[in-house]
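Read the single chain below, which is given as structure tokens and is the form predicted alone.
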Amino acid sequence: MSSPPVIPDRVARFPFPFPEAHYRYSTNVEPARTPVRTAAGEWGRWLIDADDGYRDELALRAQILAADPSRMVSAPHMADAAWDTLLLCLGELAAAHPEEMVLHRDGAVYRWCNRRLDEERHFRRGDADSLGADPLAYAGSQVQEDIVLLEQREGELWAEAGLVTFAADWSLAFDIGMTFLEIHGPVPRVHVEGVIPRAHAFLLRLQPDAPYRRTNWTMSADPRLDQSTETYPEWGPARERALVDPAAVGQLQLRVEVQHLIRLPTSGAILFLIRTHLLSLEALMTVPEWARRFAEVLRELPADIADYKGVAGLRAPVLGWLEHPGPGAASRERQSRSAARSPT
């Protein structure tokens, strides 16, 4: 009897975002730290996790920040929220990976040990010199998530700080200083149908001991994480190639964000943690339930939502590919699985 196929870690942990055969904008929030079983495995057990792309993604973030420092905004009046963010991120990593990461407090001094990155630091909250870095920058050097901080005042939520290197066609530098409602102004349907006002009211009521999460999705032409507005000339042409080159369709990526929504305990700010996951159509085809469901969602997706998500022009070629995968798809995926099992 043949053994069942080995499912690569990136597939088994992928947060497939379609519980139903149709998709509409919604708040779709649920309590964090709740495991979700899928046709391929499980995701969502931890608020913050570190997978097999951990070191590579952090190295990529460092390169992006060195080339474009505007990807991080750390205003002085958000310093307390930045320290809140750092301690939460380190504590959650330690909870998820106690064999590799430790956060220990001795009076006013914190000790952080990250064996996966071979580093150890002792620091005091509020003392950036003892940390050796801006607290928001250091948080971004330890977690794969993008970070956005919202300050609550005058009954509004204002984007006032963040570190975002893996945006999907948006810009932190453009959105900073806007309200939550202003940031979501261009999204179709959500204001008429009341989705964004309900989400805004939900966030205003968020409590420090009750983090929530939601998913969001789009498609990208390749596994490039940095698809910010600033770098469109670098990633935009690949999408156009997929419209005319059938061989390129299988490399299109289902791009899913797991967004955690957290009221920080000391500052009272709202923390958005945005973790981006990518899965090619070729890999998606290895889970037949996912391939069928994604095709159902694409067929039914209203034109205005498809257009906003940038999948309107891709819908026909993707549906065609899902029904008749291109030559070599199976062998390329087998090679990918073999590489995933090989020691590094």
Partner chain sequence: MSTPEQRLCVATIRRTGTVAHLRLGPSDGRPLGSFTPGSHILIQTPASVNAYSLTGPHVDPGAYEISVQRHRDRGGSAWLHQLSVGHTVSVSGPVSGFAPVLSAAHHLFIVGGIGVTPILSHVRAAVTGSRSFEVIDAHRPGPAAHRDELTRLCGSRLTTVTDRGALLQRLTERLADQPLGTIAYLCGPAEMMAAVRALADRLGWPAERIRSEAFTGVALAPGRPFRVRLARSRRRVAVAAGVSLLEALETAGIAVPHRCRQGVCGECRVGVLAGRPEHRDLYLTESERASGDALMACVSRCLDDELELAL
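Numbering follows the first chain given and starts at 1. Predicted model, so just to flag it, every value in this text is computed and none were measured.
Separately, the form predicted in complex with the partner chain exists; it is not shown, and the next lines address it.
- Between 268-276, 127-135, 140-148, 92-100, the stretch whose residues reach within 4.5 angstroms of the partner chain in the model of the complex through a non-hydrogen atom is 268-276.
- With respect to the partner chain in the model of the complex, the three residues 77, 212 and 264 uniformly fall within 4.5 angstroms at the level of their nearest heavy atom.
- The single contact residue among 285, 29, 58, 65, judged by any heavy atom lying within 4.5 Å of the partner chain in the model of the complex, is 29.
- Put simply, of 259, 152, 114, 218 only one has a heavy atom within 4.5 Å of the partner chain in the model of the complex, and it is 152.
- A residue is said to contact a partner when one of its heavy atoms sits within 4.5 Å of a partner heavy atom; residue 320 fails this definition for the partner chain in the model of the complex, lying far away.
- Looking at residue 208, you'd find a heavy atom of it within 4.5 angstroms of the partner chain in the model of the complex.
- By the criterion of a heavy atom within 4.5 Å, residue 247 is excluded from the residues contacting the partner chain in the model of the complex.
- Residue 123 falls outside the set of residues with a heavy atom inside 4.5 Å of the partner chain in the model of the complex.
- Scanning 87-108 for heavy atoms within 4.5 Å of the partner chain in the model of the complex gives just one residue, 105.
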